[in-house]
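Next up: a single chain in structure tokens, the form predicted on its own.
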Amino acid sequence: MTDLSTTIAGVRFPSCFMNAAGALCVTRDELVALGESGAGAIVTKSMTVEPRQGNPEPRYYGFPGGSINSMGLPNLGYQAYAELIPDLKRYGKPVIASVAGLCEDDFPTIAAIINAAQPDLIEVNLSCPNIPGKPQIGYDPDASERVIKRVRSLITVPMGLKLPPYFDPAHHEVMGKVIGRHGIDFLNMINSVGNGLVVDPEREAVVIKPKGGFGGLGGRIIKPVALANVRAFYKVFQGRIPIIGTGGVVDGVDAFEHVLCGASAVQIGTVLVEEGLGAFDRLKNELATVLARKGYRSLADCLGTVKEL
């Protein structure tokens, strides 16, 4: 029987598939539904200090091959998630709390309280591309390092970073040095590819309202970028830091490609929004079929083994 379980920073996941922090994970009901689903973990929405309604509608649009969104971090605020986390652990799967902030000072405020709630892991989101007027911290190595330093001593559970897509080997190298200095336990990459634009030619209009139609791209269209970042950081750290691959996972073959490139687990966003919670069981079946056909009994058998020509 094919084993789809995985371990990240010493925490065992019954399945390698989980939701991305942007998809169907804002409210208590959505988080409970993830607990009752076939997901291998429950990942909270990236949380801010104050509750947020997010950007005006329409702010999500699916199109063939992908999606565009400018959600604007709608969430309940960190105090609400701190109260929810202990109850979510009753589902017997890891709870990952995703911590965001609208400024650098927000991160330690949130991190201290969320750490006290004892999720299984904490993901520090340095990469939200859809807050008008707010740059992505993950594109500034100095700002990233300041945030990491401020939260590292406050977080006692395994701590990871959610990173934006990088497009140049120099960026992988620079961020690799920053990450390597601070005892990061896992990485999650990539967040959506920021500042895409989708136009409806029939209406002669953009498809989402915020930011003049500009938003983060997700879905299969971004898979090559996601795979490149997973592979680059797997090689930077020679497999020592586990990676959650996010971006472009629509079927089991996509997930297999992420594992080959170095991902110990995968997160889904666009396909979860479009298909619903049943996507987890479908993806597990498809990945198990691929692994069995290839003669692999577990993810570990093929983790990071993609061949170079």
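Just count from 1 along the sequence shown to find any residue number. Nothing here was measured: the structure is a model prediction, and the numbers come from that model.
The form predicted together with succinic acid (SIN) is left out here; the points below concern that form.
Though the partner is left out of this view, A232 does not reach within 4.5 Å of succinic acid (SIN) in the predicted bound form, counting heavy atoms only. Among residues of the shown chain, I96 is not one whose heavy atoms approach succinic acid (SIN) to within 4.5 Å in the predicted bound form. Using a 4.5 angstroms threshold between heavy atoms, P129 counts as touching succinic acid (SIN) in the predicted bound form. In the predicted bound form, A111 stays away from succinic acid (SIN), with no heavy atom inside 4.5 Å. Among G176, G196, P141, G72, the residue placing a heavy atom within 4.5 Å of succinic acid (SIN) in the predicted bound form is G72. Residues with any non-hydrogen atom within 4.5 angstroms of succinic acid (SIN) in the predicted bound form fall in just one of 29 to 37, 236 to 244, 63 to 71, 276 to 284: 63 to 71. Shown without its partner, the chain has N191, S192 in segment 183 to 204 as residues with a non-hydrogen atom within 4.5 angstroms of succinic acid (SIN) in the predicted bound form.
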